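Just the one chain here, laid out as structure tokens, in the form predicted alone.
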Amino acid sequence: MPRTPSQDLLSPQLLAQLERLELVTRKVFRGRMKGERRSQRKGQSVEFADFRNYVPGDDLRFIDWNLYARLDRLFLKLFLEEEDLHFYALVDCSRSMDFGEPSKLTFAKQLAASLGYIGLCRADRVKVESLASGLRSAAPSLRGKSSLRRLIDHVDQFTPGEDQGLLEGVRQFCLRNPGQGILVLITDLMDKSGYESALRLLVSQRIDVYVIHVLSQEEINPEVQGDLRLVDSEDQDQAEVTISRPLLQKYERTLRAFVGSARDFCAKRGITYLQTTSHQPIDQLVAHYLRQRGLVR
């Protein structure tokens, strides 16, 4: 039987593992609806949190009259409040992502759908977008496990070949999505204009930012030799090179410097950074590495 898009992106075994996880934010946020997670704010749920002194104007229903009878002082009962979390995944669909086996874009789509499903299982607000400006339909804002099919159908539309840079894509995303919560940017960071301005723009938002830096195994350990003509997949620039051991060593040093620079840039600005490869199993990445980084638990 032919495989469905959901089977390609999220297998039943992977779905079962993801259902046990939860997305985590380090910041206080305010949702529009009650959700299934504890906020750092005090609210009016059924689980007691603390007392504070009564001040004129407080709701009299939450005064502890038993404590008043003993101490002759008015105290207000506080409760833990549960709120909904906004989760955004932003997927780089530039032509450079259509490289490797599996391609970086295939990996990014599977990772975005996996994290989105974790949010759906916890009644979070989930929105997965592409940096591309020419999608046929706007990204839906989803909530609840019943929205899995819509999530998969939307992510499955992502194709390589977006016509805008990283900075412009991030700027448009910020204009469309002012909500607070978590943003996971999945990208190879390969933009000739640089990635720094785009990440600075994300830092200026009141949101937890995670950068998943995806490279293919072919980029990390290129198996090439001889005389080659290299063509840039995005702007078609060409360069003729002769592959030699010294040239490969220089490439390896340049790649290490690129990854190290991105890691340091993110660390200095409070962005959680993780570099991975497109052949990394999604279940291991989510359950182990992203748990270590504090995105899931």
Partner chain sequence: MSFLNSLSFLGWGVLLSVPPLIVLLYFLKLKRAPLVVPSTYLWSRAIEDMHVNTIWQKLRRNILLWLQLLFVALLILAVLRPGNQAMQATQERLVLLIDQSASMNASVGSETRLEIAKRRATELIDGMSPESVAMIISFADEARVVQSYTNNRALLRRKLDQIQPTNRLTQLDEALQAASGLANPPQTYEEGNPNALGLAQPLEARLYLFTDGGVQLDSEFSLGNLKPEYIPVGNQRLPNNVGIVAFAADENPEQAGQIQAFAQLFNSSDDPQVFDLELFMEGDLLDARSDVELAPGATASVSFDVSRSVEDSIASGVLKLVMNIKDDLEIDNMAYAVFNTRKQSRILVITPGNDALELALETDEISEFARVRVENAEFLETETYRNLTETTAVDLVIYDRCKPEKMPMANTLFWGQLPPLETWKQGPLSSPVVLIDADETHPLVEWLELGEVLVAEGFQVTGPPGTLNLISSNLGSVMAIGQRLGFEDAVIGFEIVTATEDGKKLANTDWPRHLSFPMFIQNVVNYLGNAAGLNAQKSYLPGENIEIRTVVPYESITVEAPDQQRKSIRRGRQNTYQFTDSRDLGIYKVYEGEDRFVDQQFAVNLTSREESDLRVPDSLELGYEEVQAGQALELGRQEYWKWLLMLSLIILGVEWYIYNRRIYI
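Keep in mind that this is a model prediction, so the values were computed, not measured. Positions refer to the first chain, counted from 1.
Below, we turn to the form predicted in complex with its partner chain, even though it does not appear here.
The stretch from 145-153, 215-223, 199-207, 110-118 that comes within 4.5 Å of its partner chain in the predicted bound form, counting heavy atoms only, is 215-223.
Contact between D227 and its partner chain in the predicted bound form is found at the 4.5 Å heavy atom cutoff. By the criterion of a heavy atom within 4.5 Å, D58 is excluded from the residues contacting its partner chain in the predicted bound form. Heavy atoms of M190 reach within 4.5 Å of its partner chain in the predicted bound form, making it an interface residue. With a 4.5 Å cutoff on heavy atoms, S244 counts as touching its partner chain in the predicted bound form. Every residue of the trio S96, V231 and K250 has some heavy atom no more than 4.5 Å from its partner chain in the predicted bound form. A heavy atom within 4.5 Å of its partner chain in the predicted bound form is found for exactly one of F62, F258, F265, Y54: F258.
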